[in-house]
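The same protein chain appears twice below, in two forms, each given on its own as structure tokens and labelled structure 1 and structure 2.
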Structure 1
């Protein structure tokens, strides 16, 4: 059964009518640009063929009735009285409704069923996929016009101000603006973006540690504060900078004595990774997968050593991938602390890749990772 058939059948069973819309919004893997988005930097995400799916129909009043098929949990709220977040799955649709209405958009109540093939807590942006899917579903059912970038920004606001995770714009923009066959080079300050073609002879392979982290209570917000501290200090010597995006490697080295060791290392990762993103986009345009892979490896090492957001499980997956002939490169994707790695692999090397990476992980941790060979996908879209 396809995901579309699954969510449609579940809606019919639960609400005893046909859905008026079926919407899918993809998860994403970020090829390069680890923790650069909230530093006004550059990222290079790919929307994946793993997605959140919603089947929905409007109601006559302001009430919203939701069912999460994978969790077998339901939630209900009124658009007229949205309560504060309480740490449950429905915080994401509630937050989206709050953000859309706060922007002056009129929403209809709805009945909806949600299912997703994006593993929760894996670093593939399951939360952003859900946010974007609900925002676009409300757009379809309520009949307002909203461009994809604005929709992504409102979903980010929902996660920042309602859910309480101080994320950057990467995840929501990737889910809203993905394109099959391409990565998207995104400037997180201006929101200008450019599609960059992916090599046709390269597979995107995600390896899931199955170690989950609660992003809201992780070290994510600590890293963001450290970056802001670096900017505040460097701003005394580099007038006019607004974020680490404005700092070059030469600038950082020239003024590193003013930073504590830990803040310097955090800044060094972000500054270098911004440079790596731009180099990788250039290499993709030239069809040079080997250079992109080398940059991915350098990114992982930097995230491991300077930004300290890797984990033993992620390191084993990445290091095993680097040893496979036909794997161009691999790195952790997402915020880190658990979740997944992403690799670029020649299709003929896929069987050997899976065998060797799984064996290395089992030897280290006595359990197997999940391996997903993924395809690039379009961003959020209405299917029915």
Structure 2
């Protein structure tokens, strides 16, 4: 059964009427640009064929009735009184309703069923898929017009200010603005973005270590502080810089003596990775997948050695991927320490990729990673 027929049938049996709209919003993988987002830099996400699906119809009053099919859990609230977050799945739709209304948009009440094929907590951003799907469903049912970047920003606001997760804008922009066959080059400072074509028929393969390290969030804050320190010191010699985004490799080398060794290496990663994102976009436009893959490998090595956010598990997954013929490149993605790698793989090489990466991981750690072979897909869209 397709996701569309599944969510439609569930809506019909639960609410005893036809849905007025069916919306899908994808998860995403970021090909390049690790820890560049909070440095006002560039990222290169792809929207995936794993997505959140909502079937919905409006109600007469302000009441919202939701059902999460995968959890078999329901939630109800009134648009006139949105209570604070309580750590449940419905925080995401509540937060989206709060952010949209706070921006002055008039929402209709609705009945809706949600289901998703984005794995939870595996680095594909299941939460952004849900936010963007709900925001767009409200837009469609309520009849307001909203620019897609603005929709992404309001979803990010829902996650930051209502749910209480300090995420950047990458995930929501990727889900709102993806296009099949393309990655999106996104400037995290201006939110300007453009599509760049992917090699034909390439698979985007995520391998999940299934390791979640508590260290990730404290170390994440340390890295952010080190980047800010680099900007504060370099700013004395490079007036006008606001973020590492404004620093070139040449600038950094010229002034490295003023930075501690560790802060210099952190900055070197960010500065180089911003340049790698732009080089990768150029290579994609030229149809040069091999160069993109080499940049992904360089990114992993830089995250491992200069930014120091890799882990033995991530290194084994990446190194095994690099050895597979038909794999253009692979790198750790997300904040690091645990989580996932992302690889670009020619479709013919998929079986070999999976066998060899799983075998290497099992040999090292005695358990299997999860492998998700995905395709690029459109950003949020109304299907019915």
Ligand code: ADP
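Since we're looking at a predicted model, the values are computed, not measured. Residue numbers count along the first chain shown, from 1. Heads up, when I say rigid core I mean the largest set of C-alphas that superpose within 1.5 Å between the two forms.
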property: Index of the chain form predicted together with the named molecule, chosen from the pair; result: 2
property: Core fit, then residue 369 C-alpha moves 2 Å or more between structures 1 and 2; result: yes
property: After fitting the core, residue 235 CA displacement of 2 Å or more between structures 1 and 2; result: yes
property: Core-aligned C-alpha movement of residue 184 between structures 1 and 2 reaching 2 Å; result: no
property: After superposing on the core, C-alpha shift for residue 247 between structures 1 and 2 in angstrom; result: 2.9
